[in-house]
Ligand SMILES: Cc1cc2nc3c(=O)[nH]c(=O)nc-3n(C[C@H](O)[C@H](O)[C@H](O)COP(=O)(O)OP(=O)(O)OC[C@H]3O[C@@H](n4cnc5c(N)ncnc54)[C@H](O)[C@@H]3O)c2cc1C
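Heads up, the chain below is alone and in the form predicted on its own; it's given as structure tokens.
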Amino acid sequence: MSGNIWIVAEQWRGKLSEITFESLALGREVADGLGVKLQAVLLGHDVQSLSTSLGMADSVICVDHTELADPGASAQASALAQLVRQQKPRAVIVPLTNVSLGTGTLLGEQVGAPVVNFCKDLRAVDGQLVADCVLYGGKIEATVTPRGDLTVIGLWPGSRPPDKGRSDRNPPVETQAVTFADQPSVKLRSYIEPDASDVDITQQDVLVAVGRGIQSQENVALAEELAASLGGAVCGSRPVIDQGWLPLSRQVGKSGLNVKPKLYLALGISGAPEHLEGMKDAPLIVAVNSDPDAPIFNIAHYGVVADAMDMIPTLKETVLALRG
């Protein structure tokens, strides 16, 4: 169907990702604004049963192939490129997560279409697509009006509440075949599971999150003391995990875990979009950062411009005093 809006239904190990429903909610608005159909593209192996959850779309295009059993940008892009050449959609919305990152960029290169990445919102204005994007870790925002018959949109998580993209409707499914002339250049070799014996940060009511602002691994112990006084646990941003200061099971963000504690205390975390993706829905966010322009303050309910290492002992003493 020429000119329709497509969303790529991201699935991970046989389960649809939350960003799929965010994409459906956004795609529905855009398709209705342009007066065209919304179609979901489901790639994988033995995953057609997932199509029943994609009722917000007018129809589902399902591609089943063993090369698509595991996530891989090159295989996904190749399959999408074949479909795009056949059916000529107006836009393809591709999630930007650790599962699908790179797929949209490769697709754009293969079909010769412009790619608008890090899109946090998309709308139809006078028959044109208008995208709002974030750059440089969220420090710059840009509004882009892409030109041409096809645009690939890399969608940043958080554009719409996932529940707005859910529907009990059972959409019609169209199966399509694709071929792979060559083996994908990158393939998933194995999954690395987190240590099951560690604290499950997704179940904590209070999280003390640390970033590079705590300066050294030795200072993690101070954050743990503060977390203990609050009855919570310590987690961290990716740079802290990459340096080995905390285990992978404590990482919050796009390449870590999504958390929603009652209190999220961010110490020395700048607030890159990758991190915000994993904690932005916490009902109470308190941020401490020495940079008054740190992006974390854009979503924090309360913020303190100060050195995190100066605040940790003060906060701990205050909490203990209040608890008597």
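Heads up: residue numbers just count along the shown sequence, starting at 1. Not measured: the values here are computed from a predicted model.
The following text describes the form predicted together with the ligand, which does not appear among the structures shown.
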TODO: Examine T103 and determine whether its closest non-hydrogen atom to the ligand in the predicted complex is within 4.5 angstroms.
DONE: no
Open item on the list: If we define contact as a non-hydrogen atom of the residue within 4.5 angstroms of the partner, is A272 a contact of the ligand in the predicted complex?
Closed with: yes
- [ ] Using a 4.5 Å heavy atom cut-off, state whether G253 contacts the ligand in the predicted complex.
- [x] yes
Task: T175: touches the ligand in the predicted complex, heavy atom cutoff 4.5 angstroms - done: no
Task: Three-residue site R238, S290 and D307 fully in contact with the ligand in the predicted complex at 4.5 Å by heavy atom - done: yes
Open item on the list: Counting any non-hydrogen atom inside 4.5 Å, which residue from S185, T145, Q215, Q86 sits next to the ligand in the predicted complex?
Closed with: Q215
Open item on the list: Quick check on this chain: which one of I285, V41, A294, V259 has a heavy atom within 4.5 Å of the ligand in the predicted complex?
Closed with: A294
TODO: Quick one: find which of 61-69, 45-53, 261-269, 25-33 has residues within 4.5 Å of the ligand in the predicted complex by heavy atom distance.
DONE: 261-269
